[in-house]
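Listed next as structure tokens is one chain, alone, in the form predicted on its own.
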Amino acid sequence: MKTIAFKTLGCRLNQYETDALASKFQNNAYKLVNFDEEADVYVINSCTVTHQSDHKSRNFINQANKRNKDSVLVVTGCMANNAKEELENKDEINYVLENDNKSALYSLVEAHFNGEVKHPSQLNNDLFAYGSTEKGFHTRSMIKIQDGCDNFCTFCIIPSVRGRAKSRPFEAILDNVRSVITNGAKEVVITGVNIGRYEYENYKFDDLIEAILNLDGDFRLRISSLEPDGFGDKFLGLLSHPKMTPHLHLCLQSGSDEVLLRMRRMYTIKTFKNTVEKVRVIRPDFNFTTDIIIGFPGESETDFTDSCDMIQNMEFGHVHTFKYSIRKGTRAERMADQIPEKLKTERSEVLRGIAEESKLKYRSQFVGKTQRVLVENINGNVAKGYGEHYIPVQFEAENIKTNTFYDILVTDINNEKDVVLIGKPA
């Protein structure tokens, strides 16, 4: 039995694609091992959103090469598109597999072991030919509904490495969801690059979500990262559906309208606030999480303060902060008033402190309340999972099973490393 190890960086879409690829290999007699072990095949599903992402990808390439020099090393993901020539010139890398061909990874590896010489460009380039994820790395089953983006934000390289927006056929998505539910999935996560722009024939994003919610089965539906301009009244109405989880990751990026304009974002602070307020009128404890870019070109102290104020006013459940990183070929690369790295770091520390306070304040409201927890892993008699608001919960109990729902009464918060809710079976 051959062994294969994966390392995934970046977004949920990469995570989904790795899960599906890992399932494909395991269904064909490969053994999945940890990335820090010796393996016959190493696959690095890379990210290139920031310089830090590139740096991490290069480190993992070096680590894989040191572990087993006779292994097959494949680098795929967004860095494979953005730095293809550089990576193809590295002797230690056997194959550089761009995003368009990623779904054909198994065919490429099998051809290699069968002594066939096959260039990645000869492979199938179906963006949605990934199959199921029943043997992946996550309890939650991710479903890819689209790929690519047409927004062309001035800081973002994704349209260059993922291509223009493409939507998966409507019925194929529903068949995929039915399949994972039949195979026991309890939580389905919708993923893609810009999922709010889903459009296939006469179907829009809200039509798709409505159809999934109306499927039979004991499952809940979660939406991954969503652009704030992807909302309509129909979708807002679906957020109160009993199968819909009360959590959305809305990508804010900045609390300043001036910065949003330079970023070429398709919304204003007012419209963002109005969206959050509309949802919280229906459900006051709805969890909004977000991304903030710190130190975008021309960001003034006032702009930065606006971002800090926005975090406090919106009471985000979690804020993922990034220091702005120049990406070659983007409009922002050519902008004046680039912010010094030292100032970016200083602002990051301030904003992260405010974000942690916001997280603690938001999650504290659940003490004394019940969360429906989907258990993901068990250590002894301690179970860990996520409640419906996408907050980590752990509890002690006997005879616990993974991939099972438990109603847990939250009794305390552990804030030593992360804000984890502590509870007991209700």
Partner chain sequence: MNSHKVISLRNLTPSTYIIRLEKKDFTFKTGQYITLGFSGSIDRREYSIYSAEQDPYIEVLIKEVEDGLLSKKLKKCKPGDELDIDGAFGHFSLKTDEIKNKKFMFISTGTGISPIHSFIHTHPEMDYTLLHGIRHKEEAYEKESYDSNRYVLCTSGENTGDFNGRVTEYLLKNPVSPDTICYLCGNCHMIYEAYDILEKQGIKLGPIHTEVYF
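Remember, it's a predicted structure, so these values are computed and weren't measured experimentally. Numbering follows the first chain given and starts at 1.
Just so you know, the form predicted together with its partner chain exists too; it's not on screen, but the next bit is about it.
Asks: Tell me which stretch of 244 to 252, 182 to 190, 166 to 174, 148 to 156 has a heavy atom within 4.5 angstroms of its partner chain in the predicted bound form.
Replies: Looking at the partner contacts, the answer comes out as 148 to 156.
Asks: Should residue 258 be counted as a contact of its partner chain in the predicted bound form, where contact means heavy atoms within 4.5 Å?
Replies: Within the cut-off, so yes.
Asks: Residue 268 versus its partner chain, in the predicted bound form: is there a non-hydrogen atom within 4.5 Å?
Replies: Residue 268: contacts its partner chain in the predicted bound form.
Asks: According to a 4.5 angstroms non-hydrogen atom cut-off, is residue 262 in contact with its partner chain in the predicted bound form?
Replies: Yes - in the predicted bound form, heavy atoms of residue 262 and its partner chain come within 4.5 Å of each other.
Asks: Does its partner chain get within 4.5 angstroms of any non-hydrogen atom of residue 331 in the predicted bound form?
Replies: Yes.
Asks: Quick one: from 197, 344, 90, 118, grab the residue that has a heavy atom within 4.5 Å of its partner chain in the predicted bound form.
Replies: Result of the distance check: 197.
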